[in-house]
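Next up: just one chain, as structure tokens, the form predicted alone.
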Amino acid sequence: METIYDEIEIEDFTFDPITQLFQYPCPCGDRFAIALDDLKDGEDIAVCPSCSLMVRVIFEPEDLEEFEEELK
């Protein structure tokens, strides 16, 4: 069973259109990250690569459309 550190709204994440990653600061000093494609596939858990904490991304599928527009 996975333990979720927190639940964060997608609007609070920073989106990088080059890497197509959503990132959010982790308490350890690194950043939680999840790919746009993962969110489109129904994943909603962003993981910190340094300390393995996880957060749930709160979003609706239509929220992703504005970020896909940035890629065009």
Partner chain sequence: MYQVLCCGSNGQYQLGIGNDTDQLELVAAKFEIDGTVTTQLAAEPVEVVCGGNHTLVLFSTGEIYSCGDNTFGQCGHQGGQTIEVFRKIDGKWAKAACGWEFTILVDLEGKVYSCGRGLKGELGLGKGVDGNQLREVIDFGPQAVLSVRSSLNHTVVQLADKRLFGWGNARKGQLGVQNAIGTKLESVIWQPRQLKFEGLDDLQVRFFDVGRDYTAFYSNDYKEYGKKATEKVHVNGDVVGLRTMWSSSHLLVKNEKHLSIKSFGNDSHGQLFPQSAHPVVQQFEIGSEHGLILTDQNSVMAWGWGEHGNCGERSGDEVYEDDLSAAAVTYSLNTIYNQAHPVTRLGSGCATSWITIRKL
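Residue numbers count along the first chain shown, from 1. Model, not experiment: these values are computed from the prediction.
The same protein has a further form, the form predicted together with its partner chain, not shown here; the description that follows concerns it.
Novice: Flag residue 60 as yes or no: does it have a non-hydrogen atom within 4.5 angstroms of any non-hydrogen atom of its partner chain in the model of the complex?
Specialist: Residue 60: no contact with its partner chain in the model of the complex.
Novice: Indicate whether its partner chain has at least one heavy atom within 4.5 Å of a heavy atom of residue 51 in the model of the complex.
Specialist: Yes, residue 51 is a contact residue.
Novice: Would you please decide whether residue 70 lies within 4.5 angstroms of its partner chain in the model of the complex, comparing each non-hydrogen atom pair?
Specialist: Taking the distances in the model of the complex, the answer for residue 70 is no, it never comes within 4.5 Å of its partner chain.
Novice: Even though the partner isn't displayed, in the model of the complex is residue 24 close enough to its partner chain, meaning a heavy atom within 4.5 Å?
Specialist: Yes, residue 24 sits close enough to its partner chain in the model of the complex that at least one of its heavy atoms falls within 4.5 Å.
Novice: For its partner chain, considered in the model of the complex: do all three of 17, 39 and 44 come within 4.5 Å of it, counting heavy atoms only?
Specialist: Not a single residue of the candidate spot has a heavy atom within 4.5 Å of its partner chain in the model of the complex.
Novice: Sequence order please: the residues of 5-39 with a heavy atom within 4.5 Å of its partner chain in the model of the complex.
Specialist: Residues within 4.5 Å: 5, 6, 7, 8, 9, 11, 12, 24, 25, 26, 27, 28, 29, 30, 31.
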